[in-house]
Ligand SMILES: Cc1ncc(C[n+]2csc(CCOP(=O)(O)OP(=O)(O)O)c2C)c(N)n1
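First, one chain by itself in structure tokens, the form predicted alone.
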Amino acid sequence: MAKKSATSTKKHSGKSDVQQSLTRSSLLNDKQRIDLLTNMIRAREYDYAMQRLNRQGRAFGGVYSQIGNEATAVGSASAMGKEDVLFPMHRNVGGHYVFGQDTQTLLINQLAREGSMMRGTDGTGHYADTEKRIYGNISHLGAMIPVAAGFAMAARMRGENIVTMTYIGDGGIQTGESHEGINFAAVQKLPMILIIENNQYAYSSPSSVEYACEKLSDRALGYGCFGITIDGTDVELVYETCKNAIENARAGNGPTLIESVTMRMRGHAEHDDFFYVPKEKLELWQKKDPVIRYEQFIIEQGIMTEKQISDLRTSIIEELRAAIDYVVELPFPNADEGYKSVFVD
């Protein structure tokens, strides 16, 4: 387990410090590796589909791309146990897949169709699927951290040895609720893992104007908890780091703050053309595409062939197309649904 983070006064350079070679974790077998790749491809293809549906005017609410973040979402969620609870954000569709969510349910929610968990009143990921132990994001970023901490405390009071995992961006981590939630979790030694998805831009604000510390994980020392910064494009490194943090939390040693360094390869949402990101920076990170890198790794390790991966992607795309064809034909909900759960009778 990583030691508690050391402080630093050096200003963040904004440059990538990710590894060039991928980790081969001793905690994984080849079947688990195929599962990681499968869910990363599912997340990527779902993202492409949502971009197309958004251009067609069929997607409602914000469409937030997770391209470049698949290793973080899938690797972190895959490290959790069946009894653990996931509090994903808007760039964590990969985590939904890991926890057993199906494409059709995701689409019904995001296309705001009748029968969605949000009754068609919301088009993004603000839903809870309690059976799958998924509690979707709150729009006011930072607000999920106190919720995840509270869930962990309530579970401990009930005698349940579970771990909660939630996420925040490099912009959202600056909010008061984030600081309060992390501090509370650290003081109470709650079994909570916080993933900071440092994709280097809070909407259009680069890291250089967001915070003065060198690494966001350096803040862990001030909270009195564990902290570490990792390459967020290396799925096995993400998995191993989170697995160790989860075991540490389950043993009663409190939360871990994991800064996952990635790059947001699309705008804040599909309405944003991200003109403010230097093209050379995007070109650099394109070479570190987490899905492509892991596909190459799987082939080099002799786990799957190029054809097998191609066939896997084809089957995922066919499943996705079938789900889209079904969902777009569903009716929109009755307008009365919009009045439910708004006022107390």
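In this text, residue numbers run from 1 along the sequence as written. Not measured: the values here are computed from a predicted model.
The following text describes the form predicted in complex with the ligand, which does not appear among the structures shown.
For the three marked residues, Arg42, Ser78 and Gly95, no heavy atom of any sits within 4.5 Å of the ligand in the model of the complex.
Leu141 is the sole member of Leu106, Leu237, Leu141, Val85 with a non-hydrogen atom within 4.5 Å of the ligand in the model of the complex. In terms of contact with the ligand in the model of the complex, the residue from Gln101, Thr124, Asn199, Thr229 that brings a heavy atom within 4.5 Å is Asn199. Although the partner is absent here, Phe184 is not a contact residue: none of its heavy atoms lies within 4.5 angstroms of the ligand in the model of the complex. Taking the partner from elsewhere, Gly171 is found to have a heavy atom lying within 4.5 Å of the ligand in the model of the complex. Heavy atoms of His268 reach within 4.5 Å of the ligand in the model of the complex, making it an interface residue. Contact between Arg113 and the ligand in the model of the complex is not found at the 4.5 Å heavy atom cutoff.
Exactly one of the stretches 270 to 278, 87 to 95, 244 to 252, 148 to 156 approaches the ligand in the model of the complex with heavy atoms within 4.5 Å, and it is 87 to 95.
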